[in-house]
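Next comes just one chain, in structure tokens: the form predicted alone.
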């Protein structure tokens, strides 16, 4: 198939574009129209085979994960997703592969409002780059720099489940052998946290005007909280016993990454305004004077994990 036949396969089942897309796929660039009195929010991320996803990952699961981790960045800013672009590099492509990839994009974007507005295809080692755009009311973005002494630290859900899922994939030959045959609707529960991460888009928007700082847990809770502390010129103390952990022990969970829960700070007087949306928002510590992140055991001892989180280099 030609490059343009492959593009047609990727776009075959896309519904009509909404009115805020002046020009979508098919021209040199997409043209979007932001709502009045709003700001654009943009983010991009690349997933490389063997580094960010397992060899043999089927195209719909790959597409789902690639888009979801980018939507999580918009969630951390409090933005409403709008468009996204996909740059796909692959050694070989055919129409069936592209249609499955496209189905994964639609599944990941179904509840977010995000729409495919363009992209690129190239031949090479398998990798996917997604660029997402979103909007929010002017001046309302959730930043890493707003945390203040006394703020309560929250996380939006359990951490560690993605690490547990990765361990299953790494350690169980039968599960790895079954991976290429899985689809978005057939992923076992034990693997969903890693293969099909959830971007907390609705929660991010609800936290505007409530949270003082926010980040998504992609590199590990300790590492990501340290980013908030650095940008806000504060320190943080985390209660190890209060952490909502799933599938691994707490010291592993705080450095594991790939959880894509929102980690945010809230002034105590605003805590009563936190949304009641079915998520288990858990208070795990406080912002204090100083620098860095301290992890405290129940007996008052400071605990130091062997690692601090994920690093690309």
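Keep in mind it's a predicted model, so treat the numbers as computed, not measured. Positions refer to the first chain, counted from 1.
The form predicted together with a further copy of the same chain is left out here; the points below concern that form.
Within 4.5 Å of a further copy of the same chain in the predicted bound form, a heavy atom is found for not a single one of 97, 186 and 246.
Proximity to a further copy of the same chain in the predicted bound form, defined as a heavy atom within 4.5 Å, holds among 89, 182, 169, 202 only for 89. With the partner omitted here, the residue from 109, 133, 102, 212 that has a non-hydrogen atom within 4.5 angstroms of a further copy of the same chain in the predicted bound form is 133.
Partner proximity in the predicted bound form, defined as non-hydrogen atoms within 4.5 angstroms of a further copy of the same chain, places exactly one of 55 to 63, 281 to 289, 265 to 273, 38 to 46 at the interface: 38 to 46. The closest heavy atom approach of residue 255 to a further copy of the same chain in the predicted bound form falls outside 4.5 Å. Though the partner is left out of this view, residue 149 does not reach within 4.5 Å of a further copy of the same chain in the predicted bound form, counting heavy atoms only.
Contact check for residue 116: every heavy atom lies farther than 4.5 Å from a further copy of the same chain in the predicted bound form. Although the partner is absent here, residue 129 is a contact residue: one of its heavy atoms lies within 4.5 angstroms of a further copy of the same chain in the predicted bound form. Along 107 to 131, these residues reach a heavy atom to within 4.5 Å of a further copy of the same chain in the predicted bound form: 119, 120, 121, 122, 123, 124, 125, 129, 131.
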